[in-house]
Ligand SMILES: Cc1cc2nc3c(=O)[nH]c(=O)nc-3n(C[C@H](O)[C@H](O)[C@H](O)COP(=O)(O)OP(=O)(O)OC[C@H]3O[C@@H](n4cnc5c(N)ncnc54)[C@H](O)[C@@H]3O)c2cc1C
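Coming up is one lone chain in structure tokens, specifically the form predicted alone.
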Amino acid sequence: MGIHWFRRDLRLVGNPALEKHLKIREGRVLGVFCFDKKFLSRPDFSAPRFYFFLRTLEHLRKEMRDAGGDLLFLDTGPEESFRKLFAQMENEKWGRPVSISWNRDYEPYARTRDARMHEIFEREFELTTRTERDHLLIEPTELTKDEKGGTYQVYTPFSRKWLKLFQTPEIENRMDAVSRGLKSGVPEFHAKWPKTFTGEDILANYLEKTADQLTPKFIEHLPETGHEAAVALLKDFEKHHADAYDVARDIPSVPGTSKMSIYLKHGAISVPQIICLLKLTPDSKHLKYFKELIWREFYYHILYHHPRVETEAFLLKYESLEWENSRKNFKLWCEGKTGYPIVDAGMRQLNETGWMHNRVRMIVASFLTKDLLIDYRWGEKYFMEKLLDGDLAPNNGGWQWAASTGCDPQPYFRIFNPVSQSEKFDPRGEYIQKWVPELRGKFTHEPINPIVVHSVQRDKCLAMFKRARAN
């Protein structure tokens, strides 16, 4: 018998490590998920995102039970959880598993955790461990600049190399395997946890506690969870919006984006599966969308090779930036009360729904860092606290891009003007009037009682960067 350790791969269809493990054990594989207190106590913990994650786990457990399997929840970190679980299995004479599988993760904390657990599983418990690549198509160790292992720090050459590798036989074989996994559907299981192992419904307790932190309206408007919901949303995007993506993706008043990031975060769908389902290729008519998926992989490669970006600027010369860090202005930014209509609309959308349009994310990030002169890490953390799709690598990469502190950044002297951005991407104010109701009937792109003057702050920002560059 084997165990599959679920983490950020919350689906049964096309789950590489699970699929291979099931085949080897002839369906006798059980699922385990550990609620790691170290993860839940992170300073950027998000109740909205955690609730969506819990609902996804709930969906996954039902799927597993319907398919003849089961998913057990353990309420401690993996080291303590698995030691207790294996002891209970032996005490109840159920026997210890002979193998354990999981899909790889690339965040700094996850890599340290997995290395430790790999050692424990193999040396202490003598289990066969099986790990697979999942939510990235090309792993960070597979894409280098040269034979010496140099890594890319600029997106364009990275994407060229990525697309070149995409057309190699090895990656084509991977994509064939992804296609087969999608076509085979939900696998069959031939093992369930005995009732003596299930005990208290840990998942139900977390759902109840987390729901108490959210408004009924927020919960009511949450997207559907699970792999089927992700695929249905992707197919709707393909049918109605993909052909106009190149332009519509920048218009916040229309449904021009796929919103797959919400499902990618928890592994209800993977980047390789999206590529396969949309039949994306280097000469695809949807190349722009394809390249956005490659951006996601780029940021994961950056985080893997430069884990310090989790806490510090990629461009170290900008660690000396003299941020003003006004707590009063930060609070007004968070609340959507800056006086700049497009900025306030974006922040209110975020606070009410756990989502913000990507173009608006860039606008509000530029405003925080280059108009309010507030450290990008404050905004990065706030996004992680609110976003349903809050994901360390792309969130950090996006914020450092906007703040001009990251790899391949927006040049520091290019500073978004929130008024011209509003005029260009929300010309009739449809997005603004939806989220800033006090402007309905008297819409304007111009700021109303603004907390700062853009032209003044722009000059201060340029001076701040020039001082840092001179050091």
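Don't overthink the numbering: it's just position in the shown sequence, from 1. The model shown is predicted, which means the values in this text are computed figures rather than measured ones.
Another form exists, predicted together with this ligand; not displayed. Remarks below refer to it.
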Assert contact residue (this ligand, in the predicted bound form, non-hydrogen atom within 4.5 Å, options Leu280, Val309, Leu264, Ile138) equals Leu264
Selected contact from Arg113, Lys259, Arg104, Lys161, since only one has a non-hydrogen atom within 4.5 angstroms of this ligand in the predicted bound form
Lys259
Contact at Arg296, Ala365 and Asn395 by this ligand in the predicted bound form, all three, heavy atom at most 4.5 Å:
yes
This ligand contact at Asn358 in the predicted bound form, heavy atom, 4.5 Å
yes
Whether Trp399 contacts this ligand in the predicted bound form should be assessed with a 4.5 Å heavy atom distance threshold; does it?
yes
Taking heavy atoms and a 4.5 Å cut-off, does Asp391 contact this ligand in the predicted bound form?
yes
Would Tyr245 count as touching this ligand in the predicted bound form under a 4.5 Å heavy atom rule?
yes
Which of 250-258, 75-83, 91-99, 180-188 sits within 4.5 Å of this ligand in the predicted bound form, heavy atom basis
250-258
Just to make sure I understand: among 276-292, which residues lie within 4.5 Å of this ligand in the predicted bound form, judging by heavy atoms?
Tyr289, Glu292
